[in-house]
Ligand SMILES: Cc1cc2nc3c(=O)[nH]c(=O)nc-3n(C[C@H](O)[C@H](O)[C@H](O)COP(=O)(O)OP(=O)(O)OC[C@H]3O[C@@H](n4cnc5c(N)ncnc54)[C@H](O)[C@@H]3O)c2cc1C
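In structure tokens, the next block holds one chain alone, the form predicted on its own.
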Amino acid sequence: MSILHATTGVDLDDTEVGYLYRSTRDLRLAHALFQALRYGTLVKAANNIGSLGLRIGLPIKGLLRQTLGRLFLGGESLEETLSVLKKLAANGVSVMLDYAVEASHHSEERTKTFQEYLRMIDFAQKHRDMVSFIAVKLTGLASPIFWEKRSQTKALPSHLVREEQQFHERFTQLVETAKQRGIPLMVDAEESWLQPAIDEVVEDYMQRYNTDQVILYTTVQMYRRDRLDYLRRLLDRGYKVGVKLVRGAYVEKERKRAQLYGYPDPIHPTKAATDIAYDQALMLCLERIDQVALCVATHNRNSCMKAVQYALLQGWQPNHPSLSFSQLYGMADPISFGLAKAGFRVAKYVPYGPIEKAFPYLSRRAEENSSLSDQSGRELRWVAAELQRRRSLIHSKPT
């Protein structure tokens, strides 16, 4: 039992609570996958093979569905996610829905993504008791090259000017529809060279639409050295902001690009430095909760417990309307369900989409677990402990 567990009474390591919604078969699969994911070289090779196989049409979709897809995806369509949503809701956990399709480079893809986001808002309204948020990627509504160019200059070529106009028409429609339906949108963060223009857009829309309700959230990646200062400036804007606080997901990509182009590495040098920055940002938001709607989106147990302890010391009800937590579907279940059991608002981040479109998301989850040995090791310990607990129950039954 940790010190924070002892002082708060909130248990974020209870595997019986955390895996109540998971079958023993699912846990065995998770155990096997998390063991395999600890081997980084194997994971990278498998991801390369999977990407190539999907590109040339090899019959591997079924295998992906029954392995990474079964662990990390809520389904291949909105309708398929319903069974997952119901299981989570039965245990007090709602959902942040994510259409797990990566950046759209073609106009037709962006149109499909826009239409899917509208469908998600309708779906969320129909299932309001199970869906708390919709995740949106602005690189799904305008191309990465647009966001990169806009982050560098105000002067765009004519084709990107047209793309920008279309983006604003569509994003305005999304935000207004979400506001009418009362469904908050969480805008995902992107790579550092795309983020300045995204920050500018989201801040503008937050100022316009976060009036009587926080309907729009930005995502702040605390593994970046500049984000704590950015967050301080954001909270001084004078309007209520929505903040999803994460650590970050593009470490290797960011560092490689910085080295290639000869600019300073934008990422904190160590995980410990990122952890310190995250907790500083967490406390900054909690101390100014009258100005910010905060989503603590992390698998870090200590950070979650610090938020819990602060809320309880302040005398807040656990279901404070401006405080929520989020973890990825398929990961950190004892944290998610432990928080929910204690009465806190938890929205599991549940991606869905056709397996061939969602593969980049799945491969990122695989590589993330291979590069973070502490995380994959903890997932293994949790799953192994729960499997052992279930075995013990079977063996202890009277014959």
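These figures come from a predicted structure and were not determined experimentally. The first residue of the shown sequence is 1; numbering continues from there.
Below, we refer to the form predicted together with this ligand, which is not included among the displayed structures.
In the predicted complex, this ligand sits within 4.5 Å of a heavy atom of Tyr223.
This ligand in the predicted complex is approached by Lys244, whose closest heavy atom lies within 4.5 angstroms of it. Although the partner is absent here, Ser326 is a contact residue: one of its heavy atoms lies within 4.5 angstroms of this ligand in the predicted complex. Of the heavy atoms in Ile183, none are within 4.5 Å of this ligand in the predicted complex. Checked against this ligand in the predicted complex, the candidates Ala307, Ile267, Val214, Leu85 yield a single residue with a heavy atom inside 4.5 Å, and that residue is Ile267. Among the residues Thr274, Ser322, Ser192, Ser132, the one placing a heavy atom within 4.5 Å of this ligand in the predicted complex is Thr274. Listed stretches are 111 to 119, 67 to 75, 295 to 303, 86 to 94; the contact stretch with this ligand in the predicted complex is 295 to 303, by a heavy atom cutoff of 4.5 Å.
In the predicted complex, this ligand lies within 4.5 angstroms of at least one heavy atom of each of the following residues of 234 to 254: Lys244, Val246, Arg247, Gly248, Ala249, Tyr250, Val251, in sequence order.
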